[in-house]
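A single chain comes next, written as structure tokens; it is the form predicted alone.
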């Protein structure tokens, strides 16, 4: 049966091994995405592995099963694409990422260079500059009192500091947002959301292609370091440009959605904000709880490299598996009070950015920027008050918001 047949709902669960639960909801529908967690609970309660009828794929949503798939890259590969499209049998919308969508040994060579440039040591050199920008930006927003938390902070901050660090020119950075949206839509099915995003992407692709070239990157930047690695023979110059492109999607959108989700969480849970405000030292721990409670990434795919048994079910080679990492982060068999947002929790084992050799390459920069912004807010803001419901941004893979009307009540005003 073709993928198209599955996508129009003609799956044949009668061909499945006996006892495999069949799930009929569409995880990519607006209805499910608006509040996915009850659906994830339904899926986990159905069994450790289920059949997603609409897409003709297996899915896992329990913590243990997700860990198993993500850490066994020899059985469940990324080189066939981390979306529903199988790169081994179908043509992807762009050249595959040479980090995310390749397997060892190719993956090991490029990931080594990438990880060195975004290492904790390298990022710590940026901390002071990042902190200065965060405090200045928060101060400006506090003086205004009312802002859009997503557009004025969650987007504006990484578009400034991370794009500067990569070495991008200041003009045209608005193209980074639709490009990132497309990258993560492609990690799901080729649905209407994917097609509409791709149809309007032309100018942004052209801009991304241009700025990833060596001559357009500032000296001493992450992008320049990638080309220096090419000069040293560690990677090719073509790969250097592709890694700059990967850096933009790996390090920018992850931060934007993490920051936006954090602002929404704290606006909805003012008692939790009070804990962070009064003890900024727990900012990193609080960000980890945001990542667990409302994960930046919700799902992506792996592909069986050979016949393999998963949770008692025999999978054929080339079988796609939907990995619901946001479901794993709410699995009550692993987390106590899983549906409660509690910044006093120590959720270091959350899977918000994946795990294993293909864990998100930009997760360290996302965590660093989110921690810095949270501390800047804690130093200046008594309360974060939502002035309306946040506007959800619908994407096939990442969860976040496109708007959050917000009042920042300054500390020295004490709400008066």
Ligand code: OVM
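Positions refer to the first chain, counted from 1. On a predicted model such as this, the values are computed, not experimentally measured, just so you know.
What comes next is about the form predicted in complex with ligand OVM, which is not displayed.
Asker: Look at the stretches 207 to 215, 148 to 156, 102 to 110, 179 to 187 and give the one with heavy atoms within 4.5 Å of ligand OVM in the model of the complex.
Answerer: Selected stretch: 179 to 187.
Asker: Let me know the one among 272, 303, 97, 221 whose heavy atoms come within 4.5 Å of ligand OVM in the model of the complex, would you?
Answerer: Of the listed residues, the single hit is 97.
Asker: Between 85, 75, 246, 79, only one gets a heavy atom within 4.5 angstroms of ligand OVM in the model of the complex; which residue is that?
Answerer: Of 85, 75, 246, 79, the residue with a heavy atom within 4.5 Å of ligand OVM in the model of the complex is 246.
Asker: Should residue 130 be classed as touching ligand OVM in the model of the complex when contacts are defined as heavy atoms within 4.5 Å?
Answerer: Residue 130: no, not in contact with ligand OVM in the model of the complex.
Asker: Taking any heavy atom pair closer than or equal to 4.5 Å as contact, tell me whether residue 297 reaches ligand OVM in the model of the complex.
Answerer: Answer yes; at least one heavy atom of residue 297 falls within 4.5 Å of ligand OVM in the model of the complex.
Asker: Test of understanding: in the model of the complex, would residue 250 fall inside 4.5 Å of ligand OVM by heavy atoms?
Answerer: Yes, residue 250 lies within 4.5 Å of ligand OVM in the model of the complex.
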